[in-house]
Ligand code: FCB
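Shown below, as structure tokens, is a lone chain in the form predicted on its own; questions about how it binds or moves come after it.
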Amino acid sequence: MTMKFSEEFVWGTATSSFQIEGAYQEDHRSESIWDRFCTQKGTIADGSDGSTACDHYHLWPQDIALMRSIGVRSYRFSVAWPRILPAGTGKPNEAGLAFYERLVDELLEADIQPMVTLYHWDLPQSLQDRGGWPHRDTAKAFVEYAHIVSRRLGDRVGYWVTHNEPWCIATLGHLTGDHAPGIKSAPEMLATAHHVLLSHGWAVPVIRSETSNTKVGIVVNLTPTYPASPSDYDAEAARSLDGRFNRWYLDPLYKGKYPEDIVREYQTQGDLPPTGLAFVKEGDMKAISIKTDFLGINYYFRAIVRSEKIPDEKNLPREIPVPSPENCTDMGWEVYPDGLRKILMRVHHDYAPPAIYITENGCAYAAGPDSNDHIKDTQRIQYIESHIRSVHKAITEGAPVMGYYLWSLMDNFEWAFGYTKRFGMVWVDFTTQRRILKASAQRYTEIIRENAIGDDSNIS
């Protein structure tokens, strides 16, 4: 059987500015927190940085030609805040605005609809020096930045994303320190999460005021949580992780409040004072829960949760086994496509966004060119097919999924992993900047052209 998609379904691909652009000091671009983070010893696995990356700043016409050859209908990219406002606020940089204007115009000429993400983690270092996201002023600065970009591109861009993955900004950047700016502080993590969400809520009406016939949303990374056994202890651990990872962002966006059970947990741990969320001011939650046109969901893996606090003799045996290496990507992430269906249905039933886009879904595998420059990335093809089938199943069950953006267009700078992980459907030689289409790109072309995929009853 063939699983057909609607004619309106959007097939796209995605990138982010710091991961591909390079040209880190060109045309008045200023330092970002990631530029600074990469200079610190031990932060990047291979000791690399994003100073050149894929040199997309110069090679963007070639990259648009690649997208056109693949047949994607939409391209989700992010704007580099340090290119637009080198000082974080104040006078805009014309060269930076002109770059994105050229990019948008050429995408439209190629019949590829742009989806603009305003923030994909590259905060100007100048704003970090003034306190960064744990401080409320950064939320105000973001609104200024959003106003400038939407005013310049709003007549041509139909889809706007305020932020990419607030959980990563808050947790990886301000709790574990694995991402820029490398802070390890639970209170600063919680303040960051709130100010990112607040800046989203403040920016939505500003973007709408500068655009017409446009749609605005936010992108969250979500993971369904599975207790490792039927034990009540594992169920409790799964509830807690779900609350910190998923509900801490979805509840404010759609219910105007933080989940009370997780607030209590943070208070018990001492991450919040007894008075609770002191950084939440009057009117904040109403601003955060402003109605949006769509929700973007990034999905990569599920979480299998095992309680660590209860003595073993009080737990039931693990029923979900630890994922085998053969069923994991090069990131060590389990390949579990039905988790995508599960999280889509959960969001649909519990939060009811009017539309959902899969704004990222992809996998890291190291397959490279053979002697004939052919790249047979069979594992990536299987990953893409299985997850697209899962999306289709969610649509048949009622989820309003309107599009799928494959991560990523090309191999790039993979944050703290540097250039050691390859997510692209286009292979990149980071020394010569040569690009080669992988077999997965050719398979994606077929799926787009057919607007369908063959059925497979073994979605698991």
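As the structure is a computational prediction, the values presented were derived from the model and not from experiment. Each residue number is its position in the shown sequence, starting from 1.
If you look for the form predicted together with this ligand, you will not find it shown, but the lines that follow are about it.
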Counting non-hydrogen atoms within 4.5 angstroms of this ligand in the predicted complex, say which of 122, 234, 377, 165 makes the cut.
165
Using a 4.5 Å heavy atom cut-off, which residue among 77, 294, 159, 300 comes into contact with this ligand in the predicted complex?
300
Within 4.5 Å, heavy atoms only: does residue 333 come near this ligand in the predicted complex?
yes
Would residue 63 count as touching this ligand in the predicted complex under a 4.5 Å heavy atom rule?
no
Does residue 19 reach this ligand in the predicted complex, with heavy atoms at most 4.5 Å apart?
yes
According to a 4.5 angstroms non-hydrogen atom cut-off, is residue 414 in contact with this ligand in the predicted complex?
yes
Counting only non-hydrogen atoms, the one stretch of 63-71, 46-54, 414-422, 22-30 within 4.5 angstroms of this ligand in the predicted complex is 414-422
Any residue of 356-390 that, in the predicted complex, places a heavy atom within 4.5 Å of this ligand:
360
